[in-house]
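Before any questions on how it binds or moves, here is one chain, the form predicted on its own, in structure tokens.
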């Protein structure tokens, strides 16, 4: 196996079990005998050593500032049955949380929840890998070439260790490094039952529904964002339900309407769902019709968020409860400054439109924006508008998106619930 040797004193973070080796920490690379080329192949397994030849771990090599993502510490090779053991451990966590069903025959809309994240990258000690479960279908996303190379082994392990999974869809066309030399399909079925065979040429399925806290959602894992749904807002959606009774609700950046459905079930007077994507709005309407076929108090609008808020303000429209759950404004550190201006601007517009005694749910899913910076942006928005604001809740990602205690960077979702006077 190719060996990676670190510079003196650069092994300390690995000894604290942080899973990343940065390129600047590397002193030299000794290629495996018979290796083609003059550098490790992206996605190749490499062993990492200190400058004193101490074994530190084994992981996937990649091009970029993060040169190695460690899979197993203190080892020169991956242990036997590595993938099954790691996925088994992750599944046991979800069983402990009460999210995972152990029966193979219960994969339809017959229980309160059959939707959960099975693997959350570094949080489950598998950096570069995401696996979400929707009823009987697991959707795998690789964020590193190494995980792409191992996709079939991962699929086999998921099928073996997660009883309710019958189908596995691979969806990594938007998540793999842009210029990475990737062999094989980046999207497609890795395992499919007879029921899913007909889905190959469809954008989504009319037969497979997922359930979250008793609400049913059609998940477009084929062409939807991420793996098809934003599972990380499950607990925060339930909190919206608690506040929604008799309120006029605005759900901005609604995607497929998760917050909207919870607000409707919570007894909202009206719910407006807004997203710039017509495909998302189409799915909102499908999901509302499925769960609330008689509802007349829901409106779905295709519009840019800033333009919509400006237009509604000009018309004197106000709300009792507004949800702001935008896509990541900053995908990397260089974009943080502009992102914070964006958060301040959108929150200011929302705060202006909330009635006295109203509630704002506001979020940032940008990992590059820390919670203090986000809170300062929201504070600045409130000061700009001149409203009195109290923080009622500080929100974060749910338990099936765990944070590796040795990798605090895994805390990415930040949210505030504000009371507006």
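Positions refer to the first chain, counted from 1. Because the structure is predicted, anything quoted here is derived from the model rather than measured.
Another form exists, predicted together with a small molecule; not displayed. Remarks below refer to it.
Review point. Based on heavy atom distances of at most 4.5 Å to the small molecule in the model of the complex, which listed stretch, 161 to 169, 128 to 136, 301 to 309, 241 to 249, is the contact stretch?
Key: Of the options, only 301 to 309 has residues within 4.5 Å of the partner.
Review point. Does the small molecule come within 4.5 Å of a heavy atom in each of 264, 285 and 292 in the model of the complex?
Key: No: none of 264, 285 and 292 comes within 4.5 Å of the small molecule in the model of the complex.
Practice item. May I ask you to check whether residue 255 falls inside a 4.5 Å heavy atom distance of the small molecule in the model of the complex? Key: Close contact exists here: in the model of the complex, residue 255 approaches the small molecule to within 4.5 Å, heavy atoms only.
Exercise for review: Indicate whether residue 272 is a 4.5 Å heavy atom neighbour of the small molecule in the model of the complex.
Suggested key: Contact with the small molecule, no.
Review point. Using 4.5 Å between non-hydrogen atoms, is residue 227 touching the small molecule in the model of the complex?
Key: So residue 227 does not count as contacting the small molecule.
**Study point:** Contact test in the model of the complex: residue 276 vs the small molecule, heavy atoms, 4.5 Å
**Key:** Within the cut-off, so yes.
Point to revise | Contacting member of 116, 343, 259, 91, with respect to the small molecule in the model of the complex [4.5 Å, heavy atom] | key: Checked against the cut-off, the match is 259.
**Study point:** Interface residue in the model of the complex among 86, 151, 349, 237, criterion: non-hydrogen atom within 4.5 angstroms of the small molecule
**Key:** Of 86, 151, 349, 237, the residue with a heavy atom within 4.5 Å of the small molecule in the model of the complex is 237.
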